[in-house]
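There is one chain below, alone, in structure tokens, taken in the form predicted on its own.
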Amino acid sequence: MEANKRKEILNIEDLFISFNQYEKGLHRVDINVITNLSVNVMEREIVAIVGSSGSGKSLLAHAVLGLLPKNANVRGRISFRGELLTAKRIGELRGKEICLVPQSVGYLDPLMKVGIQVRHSRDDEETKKRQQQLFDDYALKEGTAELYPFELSGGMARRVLLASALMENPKLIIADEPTPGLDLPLAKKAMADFRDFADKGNGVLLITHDIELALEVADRIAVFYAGTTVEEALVSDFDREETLRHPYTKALWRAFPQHGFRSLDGVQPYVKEMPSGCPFAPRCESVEPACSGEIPLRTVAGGTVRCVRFSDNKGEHGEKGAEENEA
């Protein structure tokens, strides 16, 4: 199926998330944690969200699923299959058409056996058979269904959460760090299952620190830094540093073991100390005065980037990149 004929499953436009907090008694402040964040997922597609801890990846998942705390303020537009995701609609879709593989194994009910949790309280023979097949696929030994969460190892609990998401027939899976605690063969098995799920006409939003594992199965990579999207690129763009756009993405590429394992000086800015303009500017070797101003997300050579070097749609890709963009 050609890309231009695929339907959009999830669309997030200009998402802003902030939290109300109190400082020094009754002084209330609004802390911005996500700004100008945009990403979408098409049918038959895995979009991987990568970035360091604190970049806003998990908050994005919680915003889509309506799981943010009461002190959160959300602006922007989130649509599922062409319709706006209202609070009521999220409640109707969550766990059915949109399923979450959560980062924390604390999502399992400690007072309920894991088998009935995975079966979503259904007890018919067909559902039991499906649950057992998933447990077999993830090397969960016979009898696991009768265990309580506290009786599971961390890796087993992670596999139970994967089985729970795949138990239903959703259109979209949001997988928030689904592989920590899994050995490499099982992590690859989980990624292969997501790929198979997407290839059947569905979509996966994969949130992960493991960019190398994501590159094996994803179609596109969205790079987050300090609460915003700095670049979105095809997986093939990661074959060479020269085809990547943003300095932070290039730094991630150079940190791969096969590319020298080169670390980047500095740290991601704290939300209360965010610089104006580009949040990566304090760590960027190519910083210039324009970096402190507004930096829109631009389309460049088949991807998108938020960087002043591409303000004329040329930058490091030169005239050819600009012509391709105009075309």
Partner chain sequence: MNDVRTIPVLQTAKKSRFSLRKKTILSLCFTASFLIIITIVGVLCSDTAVTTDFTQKNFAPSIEHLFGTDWLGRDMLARTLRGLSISIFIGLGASTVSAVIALILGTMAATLGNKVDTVITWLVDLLMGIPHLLLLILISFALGKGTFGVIVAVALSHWPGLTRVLRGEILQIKEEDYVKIAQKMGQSRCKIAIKHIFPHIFPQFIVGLILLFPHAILHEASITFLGFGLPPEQPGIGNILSESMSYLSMGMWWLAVFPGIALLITVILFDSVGSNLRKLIDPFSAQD
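Numbering follows the first chain given and starts at 1. Note that the coordinates shown come from a computational prediction; the quantities given were computed from them, not determined experimentally.
Omitted from view is the form predicted together with the partner chain, to which the following refers.
Based on heavy atom distances of 4.5 Å or less, which listed stretch (86-94, 167-175, 228-236, 136-144) is in contact with the partner chain in the model of the complex?
Checking each option against the 4.5 Å cut-off leaves 86-94.
Any non-hydrogen atom of V217 within 4.5 angstroms of the partner chain in the model of the complex:
So V217 does not count as contacting the partner chain.
How about V287: is it within 4.5 Å of the partner chain in the model of the complex, going by heavy atoms?
Close contact is absent here: in the model of the complex, V287 is far from the partner chain, nothing within 4.5 Å, heavy atoms only.
4.5 angstroms heavy atom contact with the partner chain in the model of the complex for A192
Heavy-atom contact with the partner chain at 4.5 Å: absent for A192.
Is L68 close to the partner chain in the model of the complex, meaning a heavy atom pair under 4.5 Å apart or at it?
Yes, L68 sits close enough to the partner chain in the model of the complex that at least one of its heavy atoms falls within 4.5 Å.
Report the residue, out of K200, K129, K113, R77, that has at least one non-hydrogen atom within 4.5 angstroms of the partner chain in the model of the complex.
Selected residue: R77.
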